[in-house]
Every structure is written in C-alpha cells, then in structure tokens.
Ligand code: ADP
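The chain that follows stands alone, in the form predicted alone, written as structure tokens.
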Amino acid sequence: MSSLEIRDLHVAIDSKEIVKGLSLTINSGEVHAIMGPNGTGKSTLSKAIAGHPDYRITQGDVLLDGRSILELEPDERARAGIFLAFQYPSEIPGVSIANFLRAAVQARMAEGEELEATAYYKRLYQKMDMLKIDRKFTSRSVNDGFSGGEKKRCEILQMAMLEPKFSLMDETDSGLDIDALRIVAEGVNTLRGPGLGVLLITHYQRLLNYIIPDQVHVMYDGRIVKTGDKSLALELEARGYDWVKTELAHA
C-alpha cells in the first residue's frame, strides 16, 4: 500500500503565504475531497505537491511512501507516481493524443528501454475501450478545439495510461455541464481501485454525487478546518461556508 503524507505544509506565492500549515494523509485506494471557498489555497496545494515552480514550500514536507519529494523536479515527481489533472488543461496544437501519450509513457521507462509500438497501441486501445472513448480521439491534437468535457476526458485517459499512485484532480468539474460531469466521473470510478489514491479538489457537492469520497475536508484560510464523510459535503451544499467560519470564530 502506498501513502501520500502532507505534513504541516506552508506554501507561498511570491511573499504571500497561501497554505498555512496543512496536514493530510491519503492512502492508496482512498478518495479524499477538499472543498472550500475561493482563495483558500486548494489549487495552490495541488500545484505545490506536483512541483509547480511558482509555488514555494516554506515549511513542512510531502512524503510519498515515506520519502520526501520536495527535492524532486516535477517530472521526477510524476515518474515517482504523482499525477496532476489541471483545472484548465493546456492546448498543444499539432501533437496528437497518441503521440503525446506515447512520449509520456516512454519518459517513465528506464533509460535505454524502448516502448514497443504494437504493445503500446494495444494497451492504449484497451484503456480507451475501458473508458468508453472513441479510438478516433487519439488522432486529434491535444486539447486543441476541445470542449471542456473532452479536455477532462483526455486527462482521464492520461491518468489511465500513466497509472500513477496518486492523482491530484484540481477542480475537474470546472466548466462541465451535467452530461460531461457524469462521463468524467464514470472514468474516474472506472480507474478507482486499491492501487490509486485520489485527491479531489472541488467547490461543489455535485461531483461527489458521482464520485463518492471516503473523506471530505473543508479548507479555509490555508488549513483543513473540518473533516467528515460525504454527509459533510451535503451540509456544505445546503448551508454554504459561512457556518464553518462562524464555528471557527467561536472556537
């Protein structure tokens, strides 16, 4: 079993501290959801774990299977088993999904080891069939001219091919209509299992109707201030976040 342990993490952008002492442990096979109002540091947390250079960790640690990853470059963190699904995936005109994924899979192989084309396409098509993605999708340029749902579906396919230990999904539901949300959720649920831990970052409870989390955490002012099961997400949907702020003020 793998573990991703975040210990007393502090993250700053320029001179402003955004994450202010956050601790959380996710084990493989678990799905954790982080909810909270805008500006609380949810996306900052995911990008800092993945190694985005704009986010500076000033204190604390992130351990993957007991080893700190803070000295690793972003590509090294990815090879170690960290996957980040972006809120706004980039477009890469002229690079087909098939070639992009082939390069990504090759990059994770040992030096000198070559990816065999027939085996690669067999595995790619198996994953696409599992996720109910039309095989013609692979000839399209990465995210170029894609709808919001197609972009997120492309990221689910990347996750399926790279088989990370932990997937950080930064507001995967952003910009999706209800049909696209259902399709993406089905993809995540298909990949869900004992070998994958998931951190879902979302504003809204609606995503959690389809991807049932093991734990729900409320993030406010750079910290996790409340933890519960799915019923906590339903309470947030009904009452908003003001009651959490009121509880903190009177604590």
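Residue positions are given as counts along the sequence shown, with the first one as 1. None of the values given here were measured: they were computed from a predicted structure.
What comes next is about the form predicted in complex with the ligand, which does not appear here.
Note on contacts: among P213, G41, G197, G187, the single residue with a heavy atom within 4.5 Å of the ligand in the model of the complex is G41. Only one segment in the set 22-30, 41-49, 56-64, 188-196 has residues whose heavy atoms sit within 4.5 Å of the ligand in the model of the complex; it is 41-49.
The putative spot formed by I13, K16 and P37 is fully lined by the ligand in the model of the complex; each residue has a non-hydrogen atom within 4.5 angstroms of it. Residues are counted as partner-facing when one of their heavy atoms sits within 4.5 Å of the ligand in the model of the complex; in 120-134 not one qualifies.
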